[in-house]
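The chain below stands alone and is given in structure tokens; this is the form predicted on its own.
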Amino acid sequence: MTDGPRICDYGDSTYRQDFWEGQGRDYEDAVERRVLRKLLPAGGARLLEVGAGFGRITNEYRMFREVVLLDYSLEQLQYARHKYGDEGYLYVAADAYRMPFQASAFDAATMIRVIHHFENVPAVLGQIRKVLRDDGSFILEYANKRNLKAMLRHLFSSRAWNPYTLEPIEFVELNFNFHPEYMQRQVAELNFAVRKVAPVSWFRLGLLKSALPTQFLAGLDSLLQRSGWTISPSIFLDLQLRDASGDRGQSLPRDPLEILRCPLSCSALRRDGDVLVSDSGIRWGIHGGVFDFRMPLE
């Protein structure tokens, strides 16, 4: 593949076990699910989950007739497929900077706990814009640079990075925090209108999470989300394309290959056993039910 932005690849890591399962993050999971339920459209034909990983929140998208899980990690997607099966789901391992989908293939998209791994935000958001219908909706979550903890740290320590400057801060390799105004500018450039801003995870403190019930904290979090104060660790944006014009809920193609395109040549694909072949002759693998567009076959 050609040189490009760095890619964060969880591969066969134990991220699911080490970060989520039994790791004291039930509160964060509950808060994010509550917000999604409030912001998601009532229904539609097809949703794209960008950075789906092992499918932690994929079951929140049941109102869509088909959900496409996109991630760079083949292993994480194979776990998700084992969990959800193939009925109503499609699993695609690909570089999100080079999405293997036809234009306007999706009614909606989500990107939760993912964009902080991208150093070229305009490029990846541009890919999402391309594959959304003109009336498409997009729910984006990002890590907030201008959060209360960072502001206090900056106030009392000369070594702390400045939370008020607009440029993203890479605090560890391929982990970025973003200023709210920076992110608002990025989505506006792509003609997204912001319908709602939800600041979340106000109580992301181990002492509080261990002392108080998860659903109680999540309920308090929901109240603070109404404040609109963008000083929480995490921000959700409910976005709608400004040039909305189409009819939502179009019919689904009978063959999921109809929405797939070769990410290098942009040409159509045909299936030959466990191989996808583009009209230009580029070949891609299918591994364990996952369409693999990370590297073409020799």
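Note that residue numbering begins at 1 and tracks the sequence as displayed. No experiment lies behind these values; they were computed from the predicted model shown.
From this point on, the text means the form predicted together with a small molecule, which you will not see here.
Only one segment in the set 212-220, 161-169, 179-187, 117-125 has residues whose heavy atoms sit within 4.5 Å of the small molecule in the predicted complex; it is 117-125. For the options A198, I112, A80, A109, the residue carrying a heavy atom within 4.5 angstroms of the small molecule in the predicted complex is I112.
Interface residue among L47, A52, V31, L239 relative to the small molecule in the predicted complex, by the heavy atom within 4.5 Å criterion: A52. For the three marked residues, F203, L207 and W229, no heavy atom of any sits within 4.5 Å of the small molecule in the predicted complex. Using a 4.5 angstroms limit between non-hydrogen atoms, Y72 touches the small molecule in the predicted complex. In the predicted complex, Y84 stays away from the small molecule, with no heavy atom inside 4.5 Å. In the predicted complex, none of the heavy atoms of V131 sits within 4.5 Å of a heavy atom of the small molecule. Contact annotation: R56 falls within 4.5 Å of the small molecule in the predicted complex, judged by heavy atom distances.
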